[in-house]
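One chain comes next, on its own, written out as structure tokens in the form predicted on its own.
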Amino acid sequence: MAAHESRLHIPPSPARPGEPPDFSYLKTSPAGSVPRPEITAPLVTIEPLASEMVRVLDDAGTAIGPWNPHLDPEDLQVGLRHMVLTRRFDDRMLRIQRQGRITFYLKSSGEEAVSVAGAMALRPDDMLFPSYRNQGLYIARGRSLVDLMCQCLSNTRDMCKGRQMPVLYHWGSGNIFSISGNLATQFPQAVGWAMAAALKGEDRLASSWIGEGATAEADFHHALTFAAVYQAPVILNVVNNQWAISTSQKIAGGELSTFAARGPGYGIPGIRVDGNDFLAVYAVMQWAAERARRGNGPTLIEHVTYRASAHSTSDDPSRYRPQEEGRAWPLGDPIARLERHLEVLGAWSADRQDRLEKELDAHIVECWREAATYGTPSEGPSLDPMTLFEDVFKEMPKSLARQRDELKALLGG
């Protein structure tokens, strides 16, 4: 009898540079075809949602099916404005980084609906635990672009006082937790916050976002275990944008099953949604939020989208994927799809879109001019170095006070 050959399987990339894009692995569902269960439905009846894909907008831009949230055109126009502002802001900040005026940047191009629709479906007092590609959360909640720019500049108005990488924002009064550069840390933090809210009898909930690559981190599994056991009012979002830094979603386990399918294994509903469909994202987030507020526990949502830009300004995606892959993405562009839907409703036009983009571009330029007055890497004013000693201890220990005094003396203070 021949001996069995042992082999190690290495998931291949769908397509390499120079090859035609290949999305044959992507399984979708027709728009409007996936049932919408009641929020009290038992897990066994919800399980199919982890393998199907919730979609509302069809190819013609019409909203169909049971997940249609029936938003007013005015609300859709607000969502479109937030998404366009997020993209134009990203584009401007990338150019600024390439000019050497900030050190680093991460764009969210192609993923705007995940953040903007998600934020709009939640209440302002719900606590958000974002990743570093969720700019739309801040914009949808009304954070000033000047504040975001100042953080990227590490200047005198930097909310992080020069202690964080660019784009690792926070906003206490806006109920958005500090972004961490370490992957998946925000998942257990969100679960813990949600558990505390439930203990206090509040009906607030927490929502967190990570990329699909971060599901390989232990924090992902810790979060799901605690969320399931204690039925925490939390929404855990996996943004499957098809690529980690330079490895496809297959390396994190996407070749074997959907990322939403990991939820039922913990006793948590898992829902897979078209992340480039603004209405579908809104509807699924709204469903999960209502479920959490009614005491029915957590939901794991997989947002299927595409990272249209580089991972960061330190990345060159042409080294690991076809250059034309983004244009071949089967689920299209979230902004263009919402534009088309508003046109179908008679509530938008190409002329209005052009005017909006020009208005927002002018606003971004003015915000940058103001942000630069608070300091740039080459021009003052600069952060006071003595702030190094603040926000560390409630009562400063003598050893730290001694170091502070030594620095003050060196600076001639």
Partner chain sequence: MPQMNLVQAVNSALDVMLGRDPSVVVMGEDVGYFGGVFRCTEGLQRKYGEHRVIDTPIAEGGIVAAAIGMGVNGLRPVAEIQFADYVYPAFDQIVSELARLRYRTAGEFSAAVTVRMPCGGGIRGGQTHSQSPEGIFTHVCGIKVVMPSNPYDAKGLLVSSIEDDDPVIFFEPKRIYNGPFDGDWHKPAVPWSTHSKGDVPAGHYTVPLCRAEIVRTGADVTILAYGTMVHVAEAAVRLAGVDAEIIDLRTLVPLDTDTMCSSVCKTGRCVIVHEATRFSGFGAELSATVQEECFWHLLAPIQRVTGWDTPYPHAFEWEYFPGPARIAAAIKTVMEAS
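Numbering follows the first chain given and starts at 1. For clarity, a rigid core is taken as the largest C-alpha set superposing within 1.5 Å between two forms. This one's a predicted model, so the numbers in the text were calculated from it and none came from an experiment.
Keep in mind that the form predicted together with its partner chain is not shown, yet the notes after this line are about it.
A.B. asks: Its partner chain isn't shown here, but in the predicted complex, which of 89-97, 278-286, 318-326, 73-81 has heavy atoms within 4.5 Å of it?
C.D. replies: So the stretch in question is 318-326.
A.B. asks: State the residue from I335, I251, A308, M120 whose non-hydrogen atoms include one within 4.5 Å of its partner chain in the predicted complex.
C.D. replies: Of the listed residues, the single hit is I251.
A.B. asks: So which of L331, L145, A197, L342 gets a non-hydrogen atom within 4.5 Å of its partner chain in the predicted complex?
C.D. replies: Flagged contact: A197.
A.B. asks: Can you check whether Y105 is within 4.5 Å of its partner chain in the predicted complex, heavy atom basis?
C.D. replies: Contact check for Y105: no, nothing within 4.5 Å of its partner chain in the predicted complex.
A.B. asks: Could you tell me if G61 has a non-hydrogen atom within 4.5 Å of its partner chain in the predicted complex?
C.D. replies: No, no contact at 4.5 Å.
A.B. asks: Answer yes if any heavy atom of I179 is within 4.5 Å of a heavy atom of its partner chain in the predicted complex; otherwise answer no.
C.D. replies: Result yes; I179 sits at the interface with its partner chain in the predicted complex.
A.B. asks: Please run the contact check for P385 against its partner chain in the predicted complex: heavy atoms, 4.5 angstroms, yes or no?
C.D. replies: Close contact exists here: in the predicted complex, P385 approaches its partner chain to within 4.5 Å, heavy atoms only.
A.B. asks: For the stretch 222-260, which residues lie within 4.5 Å of its partner chain in the predicted complex by non-hydrogen atom distance?
C.D. replies: Going through 222-260 in order - heavy atoms within 4.5 Å of its partner chain in the predicted complex - the hits are H222, T225, F226, V229, Y230, A244, I245, S246, T247, I251.
A.B. asks: Take the rigid core as the frame of reference and indicate whether the C-alpha of R16 shifts by 2 Å or more between this form and the one not shown.
C.D. replies: No, shifts by less than 2 Å.
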